[in-house]
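Just the one chain here, the form predicted on its own, laid out as structure tokens.
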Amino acid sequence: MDVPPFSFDRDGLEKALDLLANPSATIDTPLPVSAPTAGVGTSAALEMLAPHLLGRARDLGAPGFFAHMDPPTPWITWAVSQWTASRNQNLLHPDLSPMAGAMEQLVVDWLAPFFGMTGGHMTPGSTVANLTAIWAAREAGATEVVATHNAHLSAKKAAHILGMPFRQVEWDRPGDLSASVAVITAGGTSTGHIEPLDAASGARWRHVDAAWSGPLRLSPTHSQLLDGIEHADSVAVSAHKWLFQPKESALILFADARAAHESVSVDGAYLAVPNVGVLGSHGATAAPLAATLLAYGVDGVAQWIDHTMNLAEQLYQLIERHPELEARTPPQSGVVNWRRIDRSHPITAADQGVFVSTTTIEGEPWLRSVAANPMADPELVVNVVADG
């Protein structure tokens, strides 16, 4: 008989760990098409799920994976995520998260100074972080959202949710910004382009969406690429991108965190403290990030970032030297746009253990390789794509 489901089961957890190390050790069988009336037991359930959840998952740390803004995660985050699942803390109420809430505050306090911000909180991703910043900007008097064509779709989405008009601009001729929240993109999704961080000086509120490139601030080698970010009113950073964290982990940081939090807080009769931001129930997502920073330090994480920046440069140089390939521009923040010169030849690299993503820039198709995987092999990627 299985151990009661809410008790510690060492054998069950050890089996899960064994399957994590070797998911192909079980038979790949179809999952039932309807909810089972009687359970198969924990051991059988793990054996049924492993080939699907593990065996069929994309290996983000494979040498040929040079594709999206989604990194492999350090193993310590797997362990701590298991811990947090076992305690199921809820940051909505201090009674339910006596330490998890304090740990989130600690992680925010560690990271906010790199961006010149005074504080903030964690969100499931930068879509919610951007929404929260624009909400705070609206409460501070902004009546429209402005951004360039580089902006992530979440800026327009937030404007729609908040009932604010959205206006696309160019920063060298933005028009009147006195009633605007200006969303400045630091690390565009398609190109990695970092917009001028002194843009929109006349805006009512300046928000920097640094979902991708924000972690460069931790690197003494590359921090200067984001000089000026400290003058923003708010900054969004995705920890589940270049801080190598599991989904769903991001931060919204504010220059005046106290005032911003007060403006986006709502009271409830069942709450001991006001609910801050968009989320209600919220898990202990800061714990894996805290573990990563404790284990490897800021210097260790910065070394991973520097290494991936070097991989992007290596990829770019290999493309430049290859007669059948072309790169669009040198990479600014670890994103390389490239393609075969003979564009009639289809890319079938994914079938050969190499995976690159695609995008459209100014109406033209490009490959997109993002340096989020420290184990990527640029030479392998170039050779496979060039050979078609």
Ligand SMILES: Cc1ncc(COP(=O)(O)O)c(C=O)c1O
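Being a predicted model, the structure only gives us computed values, none of them experimental. Residue positions are given as counts along the sequence shown, with the first one as 1.
The following text describes the form predicted in complex with this ligand, which does not appear among the structures shown.
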Heavy atom to heavy atom, is Leu289 within 4.5 Å of this ligand in the predicted complex?
no
Exercise: Gly125 in contact with this ligand in the predicted complex, heavy atom 4.5 Å:
yes
Evaluate Ile319 for contact with this ligand in the predicted complex, applying a 4.5 angstroms cut-off between non-hydrogen atoms, and reply yes or no.
no
With a 4.5 Å heavy atom cut-off, would you call Thr308 a contact of this ligand in the predicted complex?
no
Among the candidate residues Thr148, Ser154, Gln89, Gln245, which is the single one with a non-hydrogen atom no more than 4.5 Å from this ligand in the predicted complex?
Ser154
What is the one choice in Ser234, Ser180, Thr132, Ser238 with a heavy atom within 4.5 Å of this ligand in the predicted complex?
Ser238
Given the stretches 205-213, 221-229, 135-143, 289-297, which is the single one in contact with this ligand in the predicted complex, using a heavy atom cutoff of 4.5 Å?
205-213
Which residues, if any, of 45-75 lie within 4.5 Å of this ligand in the predicted complex when only heavy atoms count?
Met69
